[in-house]
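Here's a solo chain for you in structure tokens, the form predicted alone.
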């Protein structure tokens, strides 16, 4: 088969990967020189811990397995099986962690409740004050600014892959073909549109209004920490935003311990992971109302800095860069992704939301299975 993939973010690149793995030829079209959207502007976390039970967790666990296998073959991804720690500071937060560990799928996630001393043995950089920590062994990380480039290099080496940058697809032409802004038509046996947060224009023309919304977030990265942060780190605010932590204990936490006003206003949680160069990627915020602001606001960064410094027990290194990003998320939070046949031989795959980096290998594998590649 010949497969046309539109969009070189992580979802599109993983579709190209699975097609080539199954012996097919791929033409991969990207409107910029390389992907510059949410696939790069994220933590690079393979985040199993907070996923909803059922399909979402199954997808994340399969993706985690695929990431590890691909990472062995493509070291440039920077895959690390580092796990995550969520420190808790009081009895209310501890009760939510205990409820998570009591879940029937806790073992599949690698959940374990650690004392503060046990957590510091796992991650000695956490010198601040906390009572215990929720450990998730199955969480992992890759390098988001390098992953697509490394995968593309591996794909090019197969001789079955052609990358066409700086071309915007303007039209779907009949069956199994698209036309780009240079007037060239690219035809094959299947077309997969992996357009990320670009859900207007061509996507609206071929698919209509889809049940997907855009979400904006803010993040930052520091200079090297000067020591290893051996796990990803979250704070207890993440309990409020991830479905795995829903419980009576969470209801009690939300009733008795309101979020910090800045965190509540910006729908914040702390997520933090160390890059290969030693810097820390720290976030994030969530904004749903359109039109999005074009400013990055300082209050959220100041809040995140306070939380991180309280866990590390030391000042953060100098902030090296700040950024905002936009991703596409299914309106129905129970849906892992929006997958739609928009024409004969043409499929749209978008809307994984904050699950995109985590789940993309398994999302693409399911597309390949459903299309009979």
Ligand SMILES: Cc1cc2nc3c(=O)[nH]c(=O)nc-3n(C[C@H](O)[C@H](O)[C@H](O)COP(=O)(O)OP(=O)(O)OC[C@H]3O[C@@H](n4cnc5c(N)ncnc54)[C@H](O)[C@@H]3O)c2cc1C
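Computed from a prediction, not measured in an experiment: that's the story for all the values here. Numbering follows the first chain given and starts at 1.
If you look for the form predicted in complex with this ligand, you will not find it shown, but the lines that follow are about it.
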Can you tell me whether residue 79 touches this ligand? I mean in the model of the complex, with a 4.5 angstroms heavy atom cut-off. no
Close approach of residue 30 to this ligand in the model of the complex, 4.5 Å, heavy atom: yes
So, residue 335 and this ligand: in the model of the complex, are they within 4.5 Å at any heavy atom pair? no
Would residue 345 sit within 4.5 Å of this ligand in the model of the complex, counting heavy atoms only? no
Go through 167, 120, 103, 213 and name the one with a heavy atom inside 4.5 Å of this ligand in the model of the complex. 167
Among 154 to 162, 183 to 191, 196 to 204, 245 to 253, mark the stretch whose residues have heavy atoms within 4.5 Å of this ligand in the model of the complex. 196 to 204
So which residues in 301 to 336, when you check this ligand in the model of the complex, have a heavy atom no farther than 4.5 Å from it? 325, 326, 327
